[in-house]
Structures are given as structure tokens and as C-alpha cells.
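Read the single chain below, which is given as C-alpha cells and is the form predicted on its own.
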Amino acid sequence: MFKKGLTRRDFVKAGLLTAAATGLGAGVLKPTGLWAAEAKIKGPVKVGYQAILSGTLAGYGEFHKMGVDMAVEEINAAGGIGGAKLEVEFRDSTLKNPEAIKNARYFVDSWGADFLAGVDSSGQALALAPVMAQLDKPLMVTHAATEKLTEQEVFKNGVKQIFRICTPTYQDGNAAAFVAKDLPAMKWATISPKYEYGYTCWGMFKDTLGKLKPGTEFVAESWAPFGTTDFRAHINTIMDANPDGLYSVEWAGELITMMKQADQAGLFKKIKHVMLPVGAAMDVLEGLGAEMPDNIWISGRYFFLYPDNPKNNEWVAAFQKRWKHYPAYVSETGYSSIYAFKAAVEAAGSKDTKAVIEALEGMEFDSPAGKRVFRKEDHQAMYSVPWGLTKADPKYPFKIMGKMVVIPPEECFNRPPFEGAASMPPFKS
């Protein structure tokens, strides 16, 4: 029996449950001793997962699926979730908001999903927020990065059904500024996507770096529409401005194209400090291979060589053995999202939405990316992702991070109440 006033959830949140020495994959905290008996869940536990599975970005969907499939295989081999079998169904989200909404309604209304996960597009994530409130099922976002999802929809509008397990734009904009402040560059420019993600990240970078390093100039902006294949005009605009540093949140195939064309134009001989917040994505590293210049600052939502600890190293080895591939960041966030649901259901002893939300809020669990904590106020996962300088390594057919710099989320993530300068970094100690 639990003592009056002290619940199983209190023990999970206080970190008093010890990790079992068993193959839990993502390393979620598992009760032992007095707390070892898991509630029997009426199954199956069903998760509807949507990601881009068609078009030029279909590789992202496949990387999502690799991580999720591994989690499902491991969990079911170990007895499921609270004794219930885990089932996952995938659907193509494309990049259209109506498609994401249609998928969510299908998962819940037709397939009977208990939980939803995935979502690559920030626009889709924002469009889903009011829908998830209506459907009243938890959604774990594994890729879409807009800070407005957690700041506005969760914290201000009270959509408690949404959680995000990946890093948001704070890593791309604010954390980049913390790295940039220690570089000798004083004049910065950007080539970035001509939509909200590009504008938001560049805005954060400018605002935070301006505070950290007064006197910094931002001398040129060139905005590339989605689907751009010829970046030469954008590259010329930047080179004409003669900046010391280039910041770009181009991603996927467009970043690969931009980097190749920039190299041909001699940009990297002229501009010595380059920051690519999504440059550590596996598709970019593999797509560029040896053509990725050395000493470029890159980051992502997860990098397979960080943290350098047994849990992550063993998971990467298992992933590489299973898929003959190194994990992309969406592989890790997809994998860990499933384990987060498992931990929450077993802590709550139920699949009930309210109980699972209460279990997830403030929950700490271990994962390949390291310790994650879901911030109670806005449901944003707090965990560290490195920035690093590219270098060649004979072990890999692509560039990896050499020197790494880690800006803790407590230093670079915006804070509740998400209003005014005091909510944005840098923070006073």
C-alpha cells in the first residue's frame, strides 16, 4: 500500500525509483523492490505515428520508422506495456496541415489509438494543437521545432495533450548564439528558409547574440523558398556583404545543395565561421560525405556520438546492427517517444489521458540522448545536444563532430511565462 498523500507518481518524479538492470532500451526508470509490481493494462496499447513518408523528404519518415520499430520490438519482447501488447500504425503526414489533421482523426476515431506521435512540420504541429484538445489524446511531437507549440498552445492556451520530446528552435537560435559569442566573427549573415522556421531561428540568433556580444552586426539576409535548387543568387548576396560568419537553418536536401554550390563559389575560403543548426542530421552528413568542409559548426536534435556513455553507445551499435545505418536524430526521438509513453502508462497504471499527462509532467527518464525531463509548465523535454566542429574520421564515411560544445537547456531555452526579456536568454545568475 502507498502511504497516504504519497503516490507512485510522486516517486517517479522525485527520481526515487531506481533503474532496473534489464534491457529497457531507452533506460526508463523501472520500479524495483516494493514498487516492482506493474499495473496490468488492458491492451493493446495503440500509438498512431505520422511522419513524411513520400516525396523528397521521405527519408525522414524512414528514419522515424527505424527508431520506432526498434522500440516496439524491444518492448513487446520484454512483455509489452504493463503486460499489454504495443501496436504502432504509421501514416504519411506529407507536409500539408489538412493531411496531419486527417491522420490524427483517423488514428483516434477509426483505429482507436491511445496516443499519437511524430509530426515533422511546425505548421502541422500548430494546426494539430486544437484538434488534440478535441480528441483528448496525448501527442508526442518528435521533430517539429516551433517554440510557439509549447509557449503558446501548451502554456498559454492550456492544450495539455501535447508534449515535445525533441529540442525546439531554442537549440537552433539561442544555443547557436552562445557558441557564436566565443568566435572572432563580428559580422553575420544568413541564408535560411523563407518561412516561419527560418525567420524565427534567425531572429533568436540575432537577439541573443546581440545581448551576449554587443557590437555584433547582422549585415545580410537571403531567404530561400521551400524547394530551392539553385542557391547561387543567395550565395552571391551573402558574399557581397562580406560577413565574418554565415548562419543557416537550411536543412535536408536543400542544405546539401546549398553547401555544394557554396563550395563551388568559394564561400568557405572567404567566410571562415559557418553555423548549421541542422547540419548534424544524418541525411546531410551522409549526403555531403567528404564534401562537407572541416571546421563547420553543426548541431541537431541528437547526434549519435553524444553522449559518450554505455547506454547511447550500446543503442547506436544495436541500431547499426539492426538497420546497417547510423541513427538519425528522428530515429532517436521516435524511439524515445515510445519509451516515454511506456514509462508514463506504467507509472500511471492506466492508459487514461489525464493520468498519463499527469505522469509525463515533470517525468525524468533516461534515453540514448541522455537524461530527459518534461518541463511541467510547457511540456518541453529538457536535455542537452552538442554543437561541434566538423572533422574527418577514418571510422566513418562522413564528417563527424570533433570539438564539441554543450549549452545546457537551462541556459538557452526560453522560460515561463514566455513574456518579456526576463523569459529569454541570457539569464542573470
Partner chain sequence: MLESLIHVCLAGLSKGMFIWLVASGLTLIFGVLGVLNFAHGSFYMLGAYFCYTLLSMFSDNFWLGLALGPLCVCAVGFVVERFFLRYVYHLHLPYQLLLTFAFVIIFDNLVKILWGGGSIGSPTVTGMAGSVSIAGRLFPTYSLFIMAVGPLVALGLWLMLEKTWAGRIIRAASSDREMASALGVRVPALYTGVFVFGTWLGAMGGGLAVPYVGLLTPGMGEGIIIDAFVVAVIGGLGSLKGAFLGALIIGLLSSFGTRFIPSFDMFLIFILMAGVLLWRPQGFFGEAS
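What you see is a predicted model, and the numbers here were worked out from it, not measured in a lab. Residue numbers count along the first chain shown, from 1.
Below, we refer to the form predicted in complex with its partner chain, which is not included among the displayed structures.
> Should residue 229 be classed as touching its partner chain in the predicted complex when contacts are defined as heavy atoms within 4.5 Å?
Close contact exists here: in the predicted complex, residue 229 approaches its partner chain to within 4.5 Å, heavy atoms only.
> Does any heavy atom of residue 305 come within 4.5 Å of a heavy atom of its partner chain in the predicted complex?
Residue 305: no contact with its partner chain in the predicted complex.
> Is there a non-hydrogen atom of residue 240 within 4.5 angstroms of a non-hydrogen atom of its partner chain in the predicted complex?
Looking in the predicted complex, residue contacts with its partner chain include residue 240, since a heavy atom lies within 4.5 Å.
> Is there a heavy atom of residue 62 lying 4.5 Å or less from a heavy atom of its partner chain in the predicted complex?
Contact with its partner chain, yes.
> Using a 4.5 Å heavy atom cut-off, are 253, 256 and 287 all in contact with its partner chain in the predicted complex?
Yes: each residue has a heavy atom within 4.5 Å of the partner.
> Counting non-hydrogen atoms within 4.5 angstroms of its partner chain in the predicted complex, say which of 273, 137, 234, 351 makes the cut.
Only one listed residue qualifies here, and that residue is 234.
> Of 157, 295, 313, 261, which residue is found within 4.5 angstroms of its partner chain in the predicted complex when only non-hydrogen atoms are counted?
Going through each option in turn, the one that passes is 261.
> Based on heavy atom distances of 4.5 Å or less, which listed stretch (47-55, 378-386, 365-373, 393-401) is in contact with its partner chain in the predicted complex?
Contact criterion met by 47-55 only.
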